[in-house]
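Have a look below at one chain only, the form predicted alone, in structure tokens format.
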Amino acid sequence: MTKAVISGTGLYTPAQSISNDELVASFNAYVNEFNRSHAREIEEGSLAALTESSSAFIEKASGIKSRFVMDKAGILDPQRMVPYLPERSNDEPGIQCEMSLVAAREALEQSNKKIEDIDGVIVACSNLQRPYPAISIEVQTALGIQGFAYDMNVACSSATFGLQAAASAVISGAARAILVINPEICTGHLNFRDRDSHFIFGDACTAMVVERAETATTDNAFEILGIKLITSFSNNIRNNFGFLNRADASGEGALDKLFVQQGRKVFKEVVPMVGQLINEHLDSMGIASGQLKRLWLHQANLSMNQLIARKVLGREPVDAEAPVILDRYANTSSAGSIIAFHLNKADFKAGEMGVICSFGAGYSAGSVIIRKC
């Protein structure tokens, strides 16, 4: 029987970073100007005053201390508070393509694979800069890969769903090896004027090479033992931006055209769902949680990850069992669990197992059980 492995991973980290203190200074400058400009309405009670944020509040709520971003100046400008990413001509590489190329080349190098060894490219992420032509086909052409490519979006779970698609293609014989790439510019859909969420996201891109076990020539390979995916519709995380917006001008500029969530409901509903998913997946594979060396979880919120790890392991996890990267990367949507995997896998010995798990809007969640070859 053909087996699929992850033989290499890659990571693109933007050059610019924003600390909580920097983000708070910008946000509070906006709040103070808003309250000053609307002092009369606030005094009359017809408008609520905005509340300042703080670094202590952000870290307590999320565990985030900083985030990497594609554009720092635009986000920190209190008059703008949106990244400045100029549109490019159709003859120039798109920004998500550029990110993808860096991560993909590292994944190829780590897997000892050449361009001619790859038969397909899957770009899986929360937000695509255009509907068509596909970002994946742009990446495929830029790399010189023959074969096929397509984009897919399952929000924060895109990486694990992309892994499932790649593994299926490899196991079925439809491809020898697939590049799965997750270029996330999450700051583009974040409302930096919303106190409850202005700190959540950062930008990054990850890549993985998925290939047949018999063709793997690297010591870094992890066999994919099993993948389990689930979805359940919920409005608690939503972004209503889309091509039909222009059909109703009344919605232009509305807050729901950016990321919105009901955080407390998400926490209450997603944590047990993900804990149950992983536990049922392990049970179906005949694997005890005590056999796991590591959980590479979606990096959205520190408390969520700690509670999920506790539900899976049946005890308080030590740091190495559920590594955290969101303190410096923040929530990078689908890229988060893969960043955690990329940065925390070198110490694995042959036969040791772990779980890559992503979860988010949809709701959606994916559990991938892997074992070091």
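A residue's number is simply how far along the shown sequence it sits, counting from 1. A quick note: this is a predicted structure, and the numbers were derived from the prediction, not measured.
There is another form of this protein, the form predicted together with octanoyl-coenzyme A, and it is not shown here; the text below is about that form.
By the 4.5 Å heavy atom rule, the three marked residues R195, I200 and G360 all count as contacting octanoyl-coenzyme A in the predicted complex.
Remark: A309 does not count among the residues lining octanoyl-coenzyme A in the predicted complex, judged by a heavy atom distance of 4.5 Å or less. Using a 4.5 angstroms limit between non-hydrogen atoms, S337 is distant from octanoyl-coenzyme A in the predicted complex. The closest non-hydrogen atom of N32 lies beyond 4.5 Å of octanoyl-coenzyme A in the predicted complex. At the 4.5 Å threshold, heavy atoms of A61 reach octanoyl-coenzyme A in the predicted complex. Exactly one of the stretches 69-77, 284-292, 215-223, 124-132 approaches octanoyl-coenzyme A in the predicted complex with heavy atoms within 4.5 Å, and it is 124-132.
In summary, among the residues A204, L297, L163, C156, the only one with a non-hydrogen atom within 4.5 Å of octanoyl-coenzyme A in the predicted complex is C156. Residue C186 is the only one of A103, I118, V139, C186 with a heavy atom lying within 4.5 Å of octanoyl-coenzyme A in the predicted complex. For the partner-free chain shown, F259, Q261, G263, R264, V266, F267 of 258-279 come within 4.5 angstroms of octanoyl-coenzyme A in the predicted complex, judged by any non-hydrogen atom.
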